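Only one chain comes next, encoded as structure tokens, the form predicted on its own.
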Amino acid sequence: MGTTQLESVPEPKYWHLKTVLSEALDSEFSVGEILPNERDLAARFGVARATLRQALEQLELEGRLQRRRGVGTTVAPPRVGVAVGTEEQAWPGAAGDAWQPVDCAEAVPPAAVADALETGRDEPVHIVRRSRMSHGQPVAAELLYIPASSVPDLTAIDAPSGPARARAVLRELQHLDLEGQDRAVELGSARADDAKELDRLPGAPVLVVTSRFLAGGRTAALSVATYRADTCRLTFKESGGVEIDHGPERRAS
């Protein structure tokens, strides 16, 4: 494998390098294959390691690469379509919900969440933690904030702790009449706790989906779900949405 020098180009050097690297991924590497180390890659393309890192980070953001603990940087498989909404609105925990309850605790939420729920900033709420898997791999982690007023009949005796309590809270939530829901999606960076649960490195790109569930003219529950940006393609219908070919197909190993 010879040395490739980048020509002078008007666009940022790392961006041009990203294009060159992307072409190399299509022609030279298979899904799951480990890339050479940064020193070798920087030498091959005649760039500083800082420039190389910028290009690699951009390719990771675009889902072409994955950084894996104890392994290195590997070629990522095509993104998996993950439905985050259906035409029929439903409460979290309803039949067909792909999320798995992990735990539930009563705690004071972040101030922004308390404001959205219109609860006092010092008022504890139920915080349900859930996870989502695809093809045996973790793809998302969720924190679901539910005020006590949304589940007034919940008792500690019925479900003292853990996944059982999470399921009990979600069952009680079903008793409300869902009037509507809305969602917002934004790009973020994985916090330490999310990174551990999603098997990512802290700071890795993630997609944050915030969902607000309305009942009785107020916000009855608020979900903050963190999806792996490297493996997920979010869809908003069960059909999977529109497929667009953005370039050569990646070779499967």
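Keep in mind it's a predicted model, so treat the numbers as computed, not measured. In case it trips you up, residue 1 is the first one in the sequence shown, and so on.
Although it is not shown, the form predicted together with the DNA is what the next lines describe.
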Query raised in the report: For the chain seen here without its partner, which of 146-154, 115-123, 170-178, 67-75 has a heavy atom within 4.5 Å of the DNA in the model of the complex?
Result: 67-75
Query raised in the report: Would you say all of 102, 132 and 142 touch the DNA in the model of the complex, counting a heavy atom within 4.5 Å as a touch?
Result: no
Report summary line: Exactly one of 62, 38, 28, 33 comes within 4.5 Å of the DNA in the model of the complex through a heavy atom, and that residue is 38
**Report entry** 48, 184, 187, 192 - the one with a heavy atom within 4.5 Å of the DNA in the model of the complex
**Finding:** 48
Query - Residue contact check: residue 53 to the DNA in the model of the complex, 4.5 Å heavy atom - result: yes
Report task. Evaluate residue 13 for contact with the DNA in the model of the complex, applying a 4.5 angstroms cut-off between non-hydrogen atoms, and reply yes or no. Result -> yes
Query raised in the report: Wondering, does residue 43 line up within 4.5 Å of the DNA in the model of the complex on heavy atoms?
Result: no
Report task. Determine whether any heavy atom of residue 208 comes within 4.5 Å of a heavy atom of the DNA in the model of the complex, and answer yes or no. Result -> no
Query raised in the report: Looking at the DNA in the model of the complex, which residues in 178-203 have at least one heavy atom within 4.5 Å of it?
Result: 201
